[in-house]
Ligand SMILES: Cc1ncc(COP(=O)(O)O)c(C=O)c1O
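Here you get one chain, nothing else, as structure tokens; it is the form predicted on its own.
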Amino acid sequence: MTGRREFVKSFGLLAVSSQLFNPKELIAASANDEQSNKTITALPKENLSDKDFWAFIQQSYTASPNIINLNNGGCSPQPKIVQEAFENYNRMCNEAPSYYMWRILDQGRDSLRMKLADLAGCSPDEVSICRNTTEALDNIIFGLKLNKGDEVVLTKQDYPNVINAWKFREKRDGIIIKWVNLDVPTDSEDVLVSRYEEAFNSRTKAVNITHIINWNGQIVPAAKIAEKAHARGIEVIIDAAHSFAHLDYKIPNLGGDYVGTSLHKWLSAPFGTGLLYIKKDKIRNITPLMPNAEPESGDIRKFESLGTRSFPAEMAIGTAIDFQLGIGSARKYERLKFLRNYWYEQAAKLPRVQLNTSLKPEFANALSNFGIEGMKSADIANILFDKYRIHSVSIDWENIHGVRITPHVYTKLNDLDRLLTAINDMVKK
């Protein structure tokens, strides 16, 4: 019990109150976040068993006991403490919206920026708080100075919203998209790097890299591709929607000039929260979609002129970061890989099961995709839900066809056992 109490304290759960924060205390607490974060560390296993550790994490979420959610890649739920923080901020704002939103909570954004930058391993001057990956990357796609005839390298496996934005620039400005069609899954980083490099030439001005392909969980070696691109003077844009707060890395290590991600995925922050990273010396080159008074300045804040947004959602990001730090990024990544391997390696042994994600350890993450010979992806997903109440998503995109399964840290092993039972029943029939 002593270990469990210390574990609770390490997350700061005891400090979460159902009462509204006093505005002055709110700003003071926000300013002291850096100090409090120093005390939040992953709990030593000798104090609490690994089984109990993850059982407590599971109970920190409000996941449905009747529907098994294995589509966390679409959007992840928030821990109870994040929900409570959001609700507290929301109640505060509803007492006097323009006062609490603009005069109180708006003042906490720079402190939040510091917390995000610390998690991302970069300078606060390189982090902008936005609403999702699409908004983050659209600022780059439409703000990057490109001329008619300039080429941009994309893959057929990139995210549709990103593809559509680039297609619009192609139509409006006459740039040229050079398409790469990746053969995935693949166990070779060299093959992936070479596919991008083959598309580079003297007219290439930018490359769009999806760090984890959302359709099947393929990890793309972004840093190696970025190195090849930078050697040719090519700008590097990275879609990190599924890798941030999932894989254990710091954003600068990806080698991108520009990185966009959603915080409502693997960080389990409130819905409609995201992050835009731009290298300090590149900020001045990008014109924001919604400009402030100085759209050509070198201040990252110029990308935050959104007008009225969800201040409660933004401010509760800080609580989600505390929860992430309480687990530990490395421990979280290992757990997600364990959950993936637990079901995927067993499913691989079943007849007729087709694997659309690599089994190699260096490519392992929470996202994976499988198919069953002779069955359509949509039919598999429908059976999983209708008969077994397992929520997943069918994928039919370019050369990737199957069902994507994405557990999260709150996923129980017996839920994955039900998934395996369902797959086994389907392959038998």
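It should be emphasised that the depicted structure is a prediction, and the values quoted were computed from it without experimental measurement. Just count from 1 along the sequence shown to find any residue number.
The protein also exists as the form predicted together with the ligand; that form is not presented, and the subsequent description refers to it.
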Out of H242, R340, R113, K332, which one falls within 4.5 Å of the ligand in the predicted bound form, going by heavy atoms? H242
Which one, I212, I321, A206, I300, lies within 4.5 Å of the ligand in the predicted bound form by heavy atoms? I212
Please identify, from 127-135, 247-255, 221-229, 175-183, the stretch that has a heavy atom within 4.5 Å of the ligand in the predicted bound form. 127-135
Do all of Y344, H408 and T411 end up near the ligand in the predicted bound form, with near meaning a heavy atom within 4.5 Å? no
Applying a 4.5 Å heavy atom distance criterion, does S76 contact the ligand in the predicted bound form? no
Might Y159 be said to contact the ligand in the predicted bound form, defining contact as any heavy atom within 4.5 Å? yes
Scan 272-310 and note down the residues that get a heavy atom within 4.5 Å of the ligand in the predicted bound form; none is a fine answer too. none
